[in-house]
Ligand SMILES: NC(=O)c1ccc[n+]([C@@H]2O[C@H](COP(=O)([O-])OP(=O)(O)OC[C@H]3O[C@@H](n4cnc5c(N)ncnc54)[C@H](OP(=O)(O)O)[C@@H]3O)[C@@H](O)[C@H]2O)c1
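Here you get one chain, nothing else, as structure tokens; it is the form predicted alone.
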């Protein structure tokens, strides 16, 4: 497990970013294109959130490499300039949090970024400590969303997050899982705790959540974040060996990546998908999936059947 002790580097990062925040966001912090992205309301508040966000698992774990840090900052800049809001990370993701902090310092802290992170520590009494370290690495005043990562010590952490939400230290709280793990326990937590968000894996081939988790989220008024919409790119590698369907334009997509992403975000219960990338052209391609038309239920069935038979 990664170290959770607050570090001097984290505090320095936080202080630098705080100073930048006092100077005010740059002109591009509220991009004119933001309104062109399809958004869905967060059920617990009604706040609109664009349906495509940005993940940071693996892609932003670049350490102190100056070139890779600048490339990551360019991805964040393209995401924000294109109207994206939710950026998601975790203490489990190596140096990803520090990379995001570097990008926000370099670009100026965009006012409309929706900062989502996770608590991931087995000692429930140290949850606040880890959250503060994460906040310092990002260099932000507070997180919009704090989630219990993979249900680790979830009872204690949810208690902490409810207290933090009540005091205004975080705006929303949630839980996460990935790759189909612990869905039964996940459902029990959804049914018994006042959550704003859940985060789960979902894509055109991995559709288990359609049976119980998505209906429960709709019933309970919980927003749904989707991770692994491309199976960490494995799904794209699989489908791109085959021709795009002749009826591609009916889906509103122009590429395989957009085809796969539109399948996910066209599900009306999904609030936001968070594909990760190291490339500016890919982040722009992903954001384009949140523009234009979305497939209806019948077309979604056709899309899933097409990919399944490849």
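Residue numbers count along the first chain shown, from 1. Being a predicted model, the structure only gives us computed values, none of them experimental.
This protein has a second form, the form predicted in complex with the named molecule, left out of what is shown; the following refers to that one.
- Only one segment in the set 43-51, 281-289, 263-271, 241-249 has any non-hydrogen atom within 4.5 angstroms of the named molecule in the model of the complex, and it is 281-289.
- Contact between residue 84 and the named molecule in the model of the complex is not found at the 4.5 Å heavy atom cutoff.
- Within this chain, residue 79 is remote from the site of the named molecule in the model of the complex, having no heavy atom within 4.5 Å.
- Interface membership of residue 228, defined by any non-hydrogen atom within 4.5 Å of the named molecule in the model of the complex, is confirmed.
- Proximity of residue 138 to the named molecule in the model of the complex falls outside the 4.5 Å heavy atom cutoff.
- 93 is the sole member of 93, 143, 197, 102 with a non-hydrogen atom within 4.5 Å of the named molecule in the model of the complex.
- Proximity of 62, 74 and 134 to the named molecule in the model of the complex is absent: no residue of the three has a non-hydrogen atom within 4.5 angstroms.
- Contacts between 161-180 and the named molecule, taken as any heavy atom within 4.5 Å in the model of the complex, involve 176, 177, 178.
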